[in-house]
Ligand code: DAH
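Below you'll find only one chain, the form predicted alone, shown as structure tokens.
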């Protein structure tokens, strides 16, 4: 049995000398000194050696293992030093490397975060609300009567479901629903008003898709409720926002309008150049106004004690104005040629 170990050592050393590259060296390692290799098997055979011969066999087996391990390391170092490698295509290390693409946030996400940051500097906190809403928060508590055209199925994505048919549910058509939920939470938990929040998020309306409309888009709603809030503070907030975000030369204006949940109400417009070859024109960014007393009464606040203003902007409109994007559809086509320019 000792002679078998001697033969194993001679065979292993002879075979190792012929290993001329990394692949051959790895095959040799697996065959001779690997976890299931021939040296491991020879060591395992010690249990079958007669007791008187065990010390001599065990000593010789360990010597063979040490000899082949040392020879393997020496051969591996030699191949590394002489530059021998596994067969395969050569790599020209003088060529410039391929720079991997670096991901970044989508332009809508970036604009949304930028808007929240601007309003945060004016003391607004960020609030969130559900996208699947009920009739009470989407319409009733916003002072939108049953006869109002905004409730028509052609203007909303209603959801058919089992349950209380008196409270239909829909994908929210405006982020104004969040101002109702924030006021309700503030009253029930006792931490407000005063309340000063912005609420960005997706809204849904079955509009025909064109250059300026989509059935899903993003809004950012603002709400400030406190004693003795005036229209002057609303105007100051909006004009300051426009000139911080778009630059000190931003041209903005307020136009009288009507919304069921604000009185008085106004449209907030900005002069925007959507194409380099066209002059700037007035574009509606959103609506605003003083919170209607009926909204306060709907959530349990005394309109004689509390006043406030609210505003809502289309985030896509703001992105298109800031980055001169002529078509809203470009924001959702996932065309990298367009997205990498922003």
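Residue numbers count along the first chain shown, from 1. Source: prediction; values computed, not measured.
Keep in mind the form predicted together with 3,4-dihydroxyphenylalanine is missing from the figure; the text below concerns it.
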Notebook entry, point to check: 219, 143, 156, 237: which sits within 4.5 Å of 3,4-dihydroxyphenylalanine in the model of the complex by any heavy atom?
Noted result: 219
Next item on the list: Name the residue from 311, 306, 57, 32 that puts a heavy atom within 4.5 Å of 3,4-dihydroxyphenylalanine in the model of the complex.
Entry: 311
Check: Tell me which of 91-99, 127-135, 242-250, 261-269 has residues with heavy atoms within 4.5 angstroms of 3,4-dihydroxyphenylalanine in the model of the complex?
Finding: 261-269
Check: Is there a heavy atom of residue 205 no more than 4.5 Å from a heavy atom of 3,4-dihydroxyphenylalanine in the model of the complex?
Finding: yes
Checklist line | Any non-hydrogen atom of residue 288 within 4.5 angstroms of 3,4-dihydroxyphenylalanine in the model of the complex | finding: yes
Checklist line | residue 174 within 4.5 Å of 3,4-dihydroxyphenylalanine in the model of the complex, heavy atoms | finding: yes
